[in-house]
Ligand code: NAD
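Coming up is one lone chain in structure tokens, specifically the form predicted alone.
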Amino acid sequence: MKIHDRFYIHGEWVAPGSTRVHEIENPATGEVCAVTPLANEADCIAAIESARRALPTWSATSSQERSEWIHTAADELEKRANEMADLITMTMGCPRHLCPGLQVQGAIDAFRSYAQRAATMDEPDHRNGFRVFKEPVGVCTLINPWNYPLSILMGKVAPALAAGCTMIAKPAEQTPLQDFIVAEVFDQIGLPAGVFNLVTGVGHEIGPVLCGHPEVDMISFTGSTRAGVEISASAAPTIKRVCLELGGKSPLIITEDADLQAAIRYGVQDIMMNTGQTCSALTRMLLPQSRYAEAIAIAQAVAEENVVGDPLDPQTTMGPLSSGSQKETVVSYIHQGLAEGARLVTGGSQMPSGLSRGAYLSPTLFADVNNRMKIAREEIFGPVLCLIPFADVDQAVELANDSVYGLASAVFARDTEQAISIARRIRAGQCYVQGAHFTTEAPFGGYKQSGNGREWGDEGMLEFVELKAVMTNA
């Protein structure tokens, strides 16, 4: 049992302002595995004021100094990588043997990549009669989700540190334990007090304070579109910068002349990774009508290769959903799909064979889906894939764009050039062609109700930067 009873505020571990706690369940067993404190308004204000006090000094540090802090922190995070993998497996169910690669090491490597980007803050842009300087945006509230808890935290903290911002981190209440390790690392290396502050709590209780307080300059949020709307409303009265990475219902277009076996394996593996709990998951597979029956058979075979079970078993490829409540949500969508007339190819709402407890579901495929169905329009966030037929590429693009979301997409075609020509027609922030995969070097973010702003890469750094034009008489 992991027990945390302090917040990290202004370089110290401080007692919370209330005695309320949150019990975290291990989704593989349903048993309580950790306890964390619940912040109140006073705790949040203390963290915000700490970040504000630290801002003048931290923002004035040299880029070289900030780069060194990032490298030093990354070195210490490396030493605790296995511990963080254990905790993420325990709290959200990612198979332990997959967790280092999927959840931890890439996050640390990406964190380190922002050390060199700190130097870009020192490069004024000289133009005809004026110069443009880069300055940190200020105090930032960083609100993180539970599905990739370390990766998404690093994607916010790293550019904020590099830019010279100070911050308050608020992890998802389901998966906060790795954030405590990050705070312990910053404390160990002596990061200046107030640069990084950590409070834990329930989003709808403390979010309005963390997002609406006048001393907060920016909010970076990853989570549901519903919560993103609420955060934007809280931020609006003080005109804060808001960077939102929200929901998705991402399409994969497979053309008639594509390598069907390779394309379908790629798509099915994408959605089943992390038990379908990936905002950019390719949850709508758009298939040529002429090869639809063949495609369904391939997809079923690939889905049924998955081994669903104990995340500590090295044979497991798909662990439980993150919680019992998340399983209930996904089950309700499965029932909705059946009610709407979709054909269940494999999986369903029953407990997988051999399991008697835990938030488990089998890989689930629905055929004969159309874009009017709720399962094709709403983010399910579980291992559920919709197989949708199309007559030609024009219709496939129309179906792909017929969504309120626009986070990610993919195309598998005859060759790369054909795939790119189709990708350019899809209204989404990213497109993976011919089996490409996510990289933290590329900007990540969405169109439409999938959010605004970008994370990762150079563009992720720019979210934390203000531009100042200084005119001269030259």
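Because the structure is predicted, anything quoted here is derived from the model rather than measured. Counting begins at 1, following the sequence as shown.
The same protein has a further form, the form predicted in complex with the ligand, not shown here; the description that follows concerns it.
- Figure note: of the listed segments 163-171, 383-391, 333-341, 125-133, the one touching the ligand in the predicted bound form, with heavy atoms no more than 4.5 Å away, is 163-171.
- Interface residue remark: residue 222 is counted as part of the site for the ligand in the predicted bound form, having a heavy atom within 4.5 Å.
- Remark: residue 319 does not count among the residues lining the ligand in the predicted bound form, judged by a heavy atom distance of 4.5 Å or less.
- Interface membership of residue 444, defined by any non-hydrogen atom within 4.5 Å of the ligand in the predicted bound form, is confirmed.
- With a 4.5 Å cutoff on heavy atoms, residue 144 counts as touching the ligand in the predicted bound form.
- Proximity to the ligand in the predicted bound form, defined as a heavy atom within 4.5 Å, holds among 246, 308, 73, 153 only for 246.
- In summary, among the residues 361, 104, 157, 279, the only one with a non-hydrogen atom within 4.5 Å of the ligand in the predicted bound form is 279.
- Residues 211, 221, 222, 223, 224, 226, 227, 230, 231 of 210-239 are found to place at least one heavy atom within 4.5 Å of the ligand in the predicted bound form.
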